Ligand SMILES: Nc1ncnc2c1ncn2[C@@H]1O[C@H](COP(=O)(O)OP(=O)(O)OP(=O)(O)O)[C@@H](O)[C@H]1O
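Let's start with one chain on its own, the form predicted on its own, as structure tokens.
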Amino acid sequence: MSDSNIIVAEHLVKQFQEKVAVNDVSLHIGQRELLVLVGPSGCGKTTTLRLLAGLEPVTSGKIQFGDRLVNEIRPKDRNIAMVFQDYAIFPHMTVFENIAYGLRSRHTAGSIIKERVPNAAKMFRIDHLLKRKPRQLSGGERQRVALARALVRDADLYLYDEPLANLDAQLRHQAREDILLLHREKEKPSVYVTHDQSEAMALGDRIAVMRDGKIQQIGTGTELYDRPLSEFVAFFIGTPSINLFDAELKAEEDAIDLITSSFTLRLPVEMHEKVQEAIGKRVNLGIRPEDLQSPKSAQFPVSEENTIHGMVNVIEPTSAGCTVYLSMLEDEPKDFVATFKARLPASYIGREVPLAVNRRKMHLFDQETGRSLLYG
């Protein structure tokens, strides 16, 4: 990997008067890496992107493109390509002129423009629209114009600010493929901002989960899903979201139990060492919906030590099986979710069912700090 194509941001801080929008964010983006910044609205992900682009000055910290410090370099001189949420295409220009705009502003030779623009348009299936104006295009076509404009550039960094937010669900899948196509074609560092964790999981080589201006965890989608370092990451990554239960860790002889108001689970022996300091305390127990299975079809051992019960409220069919919404059998029932690979008949609604818990995939979080007891 060439160091000249690595993007490094160290200890970035961005403050707007009293509000700290970005708080000590550090990123290393590899030569061919697509890094996704994901998090709820207002978490600082778009501000971080704007700092990389030079659209906002940093309050403190540094940004390097390879060995070049770019803190004081203007956006147009950073050699970036950016795709915006509203596409930022000019209504008075044709599709051809919109795609060529960045090249013309850099005084690129006309012969190169005539070659690159049709090629980029063909790649994104808009070569038949080159003479049209934006008002004659659909939302998906406008988005592909913005991607083609990025493709014709030889940028050092490609930035995407929620480019799919204005597309309907049917167009988003194809648009994701278009973005991956652009990324593979350029093989340059890319940063993509979204609030949609499914989008992040589909696109990112790595994902940085942000909250309140800070990065909570960076890793592959699998790492974030299987080994979340905090309750926030565990809850934010995954659809449906992880189930969380208030529990007490109680030791008895050689065993450690998780005791809730509705059920008791025996903790696997391999987790004992990691939870010693939390014994006798209340923790939040996390169980992902797919780790709740029918005892008859469970792919792991089932006994009283890992069986719970719930009342079926709603059954939602899915392409892979069904999502089942249940509640605990108690005075103030807690709702939770399970996903099955087989369809559950509607006759189960209103019935009590047993569920086997895959204990080796459980998560435990400190109630005060939210940090994982198992992976922190």
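As the structure is a computational prediction, the values presented were derived from the model and not from experiment. In case it trips you up, residue 1 is the first one in the sequence shown, and so on.
Just so you know, the form predicted in complex with the ligand exists too; it's not on screen, but the next bit is about it.
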76, 98 and 119 each touching the ligand in the model of the complex (heavy atom, 4.5 Å): no
The ligand contact in the model of the complex: residue 333, any heavy atom under 4.5 Å: no
Should residue 294 be classed as touching the ligand in the model of the complex when contacts are defined as heavy atoms within 4.5 Å? no
Taking heavy atoms only, is residue 61 within 4.5 angstroms of the ligand in the model of the complex? no
Within 4.5 Å, heavy atoms only: does residue 41 come near the ligand in the model of the complex? yes
Quick check on this chain: which one of 226, 290, 257, 162 has a heavy atom within 4.5 Å of the ligand in the model of the complex? 162
Within 4.5 Å of the ligand in the model of the complex by heavy atoms, the stretch out of 45 to 53, 318 to 326, 24 to 32, 336 to 344 is 45 to 53
For a quick check, can you give me the residues of 59 to 89 that have a heavy atom within 4.5 Å of the ligand in the model of the complex? 85
